[in-house]
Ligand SMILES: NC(=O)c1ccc[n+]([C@@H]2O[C@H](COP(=O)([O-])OP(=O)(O)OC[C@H]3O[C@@H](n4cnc5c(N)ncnc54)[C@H](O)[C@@H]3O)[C@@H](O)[C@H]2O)c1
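In structure tokens, the next block holds one chain alone, the form predicted on its own.
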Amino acid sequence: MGVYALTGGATGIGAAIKQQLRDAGHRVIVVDLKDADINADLSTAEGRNSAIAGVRELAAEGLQGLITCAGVASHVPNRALIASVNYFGSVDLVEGLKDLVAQGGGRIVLVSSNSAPMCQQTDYLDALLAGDEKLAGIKAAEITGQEAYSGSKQALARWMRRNTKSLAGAGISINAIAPGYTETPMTQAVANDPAYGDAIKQFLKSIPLGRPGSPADMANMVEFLLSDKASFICGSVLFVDGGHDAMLRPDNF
């Protein structure tokens, strides 16, 4: 059985991933703000370094996989927080732990979003991809919460694609899932926000398969990508969204 590190494993999609992997007999090291094996704040460089050190201490023998699921949603007033957690909280963890994943001959799965293609804020995206967290935070504060969120997820997917070759050369396959609307405590908070509630209701009605996603839907895809059945999938963004991306962008793939 394998050893996996998972960020954001306390609730929502992360909790479902954690449970599925543990039910399969794997050891899962969870990083989250609280109720985790390693309590760390991924919105800061210090917190990310603490998380990396904690995983290293608990998995010195190597990791079979790393899943970065920690994130904050578009309704968070502090737009810079969205950039710091969703983008840097994933990228820095991958950079800090990739040697352990290579040592374990493993896989990396990032959690992007089917909203990722919607962001057109090039200054914000450029700051994220340049690794300039301070500037990204400034640019995030100048745009809407949805743009800050979708941009953080787009930049994450683009970073993954740009680094696929080098990671593959080290023996690591990396992919991302792009969940559609998924019923979790985080999305429920957005749905309950007066500024977003009506839009969310309309959004749900437009899902081609007629229902929102569940955390188990996302966990199933992550478990597949971590398995030997996905051994030739590398550098892909897999949409798990009930057909929403295909409906909204039928000519893009």
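In this text, residue numbers run from 1 along the sequence as written. In this text the structure is predicted, and so the values were computed from the model without any measurement.
Although it is not shown, the form predicted together with the ligand is what the next lines describe.
Look at 52-60, 221-229, 191-199, 65-73: in the predicted bound form, residues with non-hydrogen atoms within 4.5 angstroms of the ligand sit in 65-73. Although the partner is absent here, residue 85 is a contact residue: one of its heavy atoms lies within 4.5 angstroms of the ligand in the predicted bound form. Mapping the unseen interface onto this chain, residue 11 counts among the residues with a heavy atom inside 4.5 Å of the ligand in the predicted bound form. The closest non-hydrogen atom of residue 29 lies beyond 4.5 Å of the ligand in the predicted bound form. Using a 4.5 angstroms limit between non-hydrogen atoms, residue 111 touches the ligand in the predicted bound form. Heavy atoms closer than or equal to 4.5 Å to the ligand in the predicted bound form belong, across 155-192, to the residues 179, 180, 181, 182, 184, 185, 186, 187, ordered by sequence position.
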